[in-house]
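Let's start with one chain on its own, the form predicted alone, as structure tokens.
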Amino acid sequence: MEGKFSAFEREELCNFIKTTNRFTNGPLVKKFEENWSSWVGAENSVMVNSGASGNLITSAILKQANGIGEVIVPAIGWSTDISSLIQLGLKPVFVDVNIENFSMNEIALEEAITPDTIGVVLIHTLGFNGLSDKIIELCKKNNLFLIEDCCEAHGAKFRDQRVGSFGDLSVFSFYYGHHITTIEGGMVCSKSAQFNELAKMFRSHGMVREAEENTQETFKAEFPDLNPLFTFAVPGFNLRSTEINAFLGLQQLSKIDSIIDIRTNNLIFWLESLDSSLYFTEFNLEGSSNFALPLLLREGDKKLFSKITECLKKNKVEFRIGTAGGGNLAKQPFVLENSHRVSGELINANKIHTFGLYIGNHENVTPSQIKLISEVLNDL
């Protein structure tokens, strides 16, 4: 079975390393950013060294734009969607998710909004589309900053438009297990030139020289006693990527559409093959671009769930209980030790936490493999 990188891609990477003189953030990073923007339908893109770094930058821009306040997050997601808020002094507010897409419930979102709410982090979990007209309307009506986490959802769509092009900002990850990979890497997409500039500055130490020329001139005039090359406008980080990562990204982007098709067909076949009396199979597939194959018990049965995990281990099938983030994030130590709020009951999040898992999906996974696994699980 071929891995994420074909023999041709490996050979091309070796040739690139042998012939290039620049490996730090440079022209290939810029080219990948432009090509990614075009593919997603985003106005701007800034490449970073991981999806988690993208979470940190988007949280920093949210704070820069709206100050300190509460940010509504789903209880199912990834740790850095939450930890980046906490690290920057913002307060996460946890709400429940839908069973049909593991993403934020719009009624729970509406009930969580208070005068202290400044933003929403919406996560397109496992490649399901998490957006709805109601969610977009609530953000606009309440002047809430919307961040889309699309790390697991390359190519997912809402109303025939790719996710990552709706929010004020969005984040993608190119970690090895995702649709395409740069080994480690990520992308921050934005609608406005202002947020794009901020993303570039936060990415590179906060340096003004990353911004457009008119912004640089403004800072030169205001701070004449500072060296323009080393004027730091925002409290930035070093989250830059490399030319090697961008080279891989450009190679991978050429085959992303076919990868999405295979992963999506795998999900459909997976759900058709499972026993729907044992497992929940009515996921909302409209616009989905599958990251991993979900398995959720229809009824809470700890004995059956234990049988499932033991069976998967015995057959050397990797899985993640409660999704990649480990289930209900509101239960995690780093959350409990910091300021946060839980709005409403997290009924669905707790069910996924206790009786849900996923197994990997990949463009080289075959229908026969899926059929074999599902038959074994159905027999339990």
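None of the values given here were measured: they were computed from a predicted structure. Start at 1 and count along the sequence shown; that's the residue number.
One more form of this protein, predicted together with a small molecule, exists but is not displayed; see below.
Student: Is it the case in the model of the complex that I123, C151 and G185 each bring at least one heavy atom within 4.5 Å of the small molecule?
Tutor: Yes.
Student: Does H178 make contact with the small molecule in the model of the complex, using a 4.5 Å heavy atom cut-off?
Tutor: Taking the distances in the model of the complex, the answer for H178 is yes, it comes within 4.5 Å of the small molecule.
Student: May I ask you to check whether T80 falls inside a 4.5 Å heavy atom distance of the small molecule in the model of the complex?
Tutor: Yes, T80 lies within 4.5 Å of the small molecule in the model of the complex.
Student: Evaluate N44 for contact with the small molecule in the model of the complex, applying a 4.5 angstroms cut-off between non-hydrogen atoms, and reply yes or no.
Tutor: N44: no, not in contact with the small molecule in the model of the complex.
Student: Using the partner position in the model of the complex, report whether S59 sits within 4.5 Å of the small molecule, counting heavy atoms only.
Tutor: Looking in the model of the complex, residue contacts with the small molecule do not include S59, since no heavy atom lies within 4.5 Å.
Student: Exactly one stretch in 305 to 313, 135 to 143, 90 to 98, 169 to 177 has heavy atoms within 4.5 Å of the small molecule in the model of the complex; which is it?
Tutor: Only one stretch passes the 4.5 Å heavy-atom test: 169 to 177.
Student: Of the residues V29, L346, A330, A52, which one places a heavy atom within 4.5 Å of the small molecule in the model of the complex?
Tutor: Selected option: A52.
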